[in-house]
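Single chain ahead, by itself, as C-alpha cells, in the form predicted on its own.
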C-alpha cells in the first residue's frame, strides 16, 4: 500500500515536468519534421518525406546572402564580444573596487530592457550618425544584445577562481597583466567558451533589434525568416531553422562533452 502511494506521488510529481519538457521540445520537433515534408505547405505531420527544401535553400540567392550575412556577423561579433565580455565579467566577478555592483547592473541592464526599446534607442542613435543600414550598425546592435550574456557567464567563471592563485603568481614576480594572462585567463577558459557559444547563438537568432538597423543588403537569416512568414509559411523556412538548430545543438554538445560548459549556462 505504501509502495503504491509512493509510486502515485512520483507519477503526479513527474506530470508537470513532462508537460514543461513537451512544451519546450514539441514546437522544435514540429519545425524539424516539417522541414522534411514533400508538400509545398508547412504541414505537420508531413504526408511524405523529402530533402528538396534543403536543396532549395542552397539554390536560392536570397537565402544564401542571408546565410552569408549571418555567418560574417557571427565571425565579427563573437571575438569582439568575448574580449569585451571576458574583461567585463572579470571586473564584476572577481574585481574588488568601489562601485562594482553598480557597474555589474549597468553591464547587465540590456537583459532587463525589452528588445523593441533597445532597437528604438539604437535606431535613434545610429540614425544621427548616419549608420542605419550599414554593416557597422548591425555589428553594434548585436554587440549590445550579446554583451550582457557574455559578461554574466564570464563573471560566474571569474568568481569561482581562487584569488590566492593570482596572489601567488604576483608574489613570484609576475606583473598584474602577466598573472592575468597566465593564471586567470586559462582558468576562465570554460566560461570564455560558454560566452562565445552564447554570443554566437544569440547573434544567429536575433531579430527584434536587427530589423530596426539592418539595411537591404544586410538581412540576416532570422530577419529573412520573419519577413518570409509574413507572406507564406513554407517548408523552406523550416529547413533554414533546422540547419541553425542543428548547428547550435552540435556546438553545445561538443563544448559540454569536452569542457562541461553547461554548468556555466
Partner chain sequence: MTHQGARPVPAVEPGPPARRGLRNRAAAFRHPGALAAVVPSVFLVGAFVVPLAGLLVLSLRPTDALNNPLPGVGLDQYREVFTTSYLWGSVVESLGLAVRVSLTCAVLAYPVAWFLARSPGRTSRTIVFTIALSPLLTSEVVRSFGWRIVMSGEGPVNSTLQALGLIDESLPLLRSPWTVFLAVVHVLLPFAIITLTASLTAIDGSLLRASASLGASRIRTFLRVVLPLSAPGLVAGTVLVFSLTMGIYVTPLLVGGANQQLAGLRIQNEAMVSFDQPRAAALSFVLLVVTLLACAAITALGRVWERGNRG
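Positions refer to the first chain, counted from 1. Predicted, not measured: the structure shown is a model, and the values here were computed from it. Take the two forms, find the largest set of C-alpha atoms that superpose within 1.5 Å, and that set is the rigid core.
This next part talks about the form predicted in complex with its partner chain, which is not shown.
Although the partner is absent here, residue 226 is a contact residue: one of its heavy atoms lies within 4.5 angstroms of its partner chain in the predicted bound form. Interface membership of residue 26, defined by any non-hydrogen atom within 4.5 Å of its partner chain in the predicted bound form, is confirmed. Mapping the unseen interface onto this chain, residue 172 falls outside it, with no heavy atom inside 4.5 Å of its partner chain in the predicted bound form. By the criterion of a heavy atom within 4.5 Å, residue 212 is counted among the residues contacting its partner chain in the predicted bound form. Exactly one listed residue, out of 193, 183, 74, 118, brings a non-hydrogen atom to within 4.5 Å of its partner chain in the predicted bound form: 118. Contacts with its partner chain in the predicted bound form, taken as any heavy atom within 4.5 Å, map within 221 to 241 to 222, 225, 226, 229, 230, 233, 234, 237, 238, 241.
Superposition of the core reveals a Cα shift of less than 2 Å for residue 25 between this form and the one not shown.
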